[in-house]
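The chain below stands alone and is given in structure tokens; this is the form predicted alone.
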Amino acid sequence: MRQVSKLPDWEKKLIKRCQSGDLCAYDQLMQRYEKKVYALCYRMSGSKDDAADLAQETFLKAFRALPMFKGQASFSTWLYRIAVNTCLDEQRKRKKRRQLVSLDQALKTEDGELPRQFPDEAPDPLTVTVTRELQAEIQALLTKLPPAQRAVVVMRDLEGFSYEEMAAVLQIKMGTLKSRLNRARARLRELYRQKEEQICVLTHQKRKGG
């Protein structure tokens, strides 16, 4: 099994410089990991703007916490754990905010109260073709998974993390990790099957009507 706690010498030196307040050293660390952190945040959030904010927040949290970093895990494991937790925290906050807003509550404006309206964010199934990129479809379906299941699919199937890295980042046992991943993959397959069936039905209805 890979030893995630062993740090390469160049990283040890950079981290030591960062812990002494060297911003240039931290910039070098950020440049090394920013693409991976951004990709992870994008897969978790499904939004480029949100991903940029989440990645920035991740690096800010990491910078503040670096003086307490002891090297018991690799720096990448430690950083990805911050990124995943930042994404999960944001999703929990958004869920809580949605629960606090009444759908029947009117919006107050200078001209009086207006009924609350919500845009239909669901894609039009009739515009989806059989040749649509599988990765784009998966990204859309990922948002329907519970956050914990979304995290393991993103890390393993889209970002290529090893099981050892994932267990270290998520701080769960290997058996729990594999069980969660299996459930997440099964749920994704079911969601994909349902979507394909819906497309077939709507396409058939359109042909009948046209």
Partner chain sequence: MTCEDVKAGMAEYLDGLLPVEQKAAYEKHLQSCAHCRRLAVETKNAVEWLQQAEELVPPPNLRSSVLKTLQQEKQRRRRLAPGTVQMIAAAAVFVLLIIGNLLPGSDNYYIGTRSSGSPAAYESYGQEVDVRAAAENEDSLLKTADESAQEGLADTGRQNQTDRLRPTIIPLRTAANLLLSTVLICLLLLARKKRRELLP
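It should be emphasised that the depicted structure is a prediction, and the values quoted were computed from it without experimental measurement. Positions refer to the first chain, counted from 1.
The same protein has a further form, the form predicted in complex with its partner chain, not shown here; the description that follows concerns it.
- Mapping the unseen interface onto this chain, Glu137 counts among the residues with a heavy atom inside 4.5 Å of its partner chain in the predicted bound form.
- Proximity of Lys13 to its partner chain in the predicted bound form falls outside the 4.5 Å heavy atom cutoff.
- Although the partner is absent here, Gln56 sits close enough that one of its heavy atoms falls within 4.5 Å of its partner chain in the predicted bound form.
- Its partner chain in the predicted bound form is approached by Glu34, whose closest heavy atom lies within 4.5 angstroms of it.
- Across the proposed site, Tyr38, Arg64 and Asn182 without exception bring a heavy atom within 4.5 Å of its partner chain in the predicted bound form.
- The partner is not shown here, but in the predicted bound form the stretch 154 to 179 reaches within 4.5 angstroms of its partner chain through a heavy atom at Arg156, Asp157, Leu158, Tyr163, Lys178.
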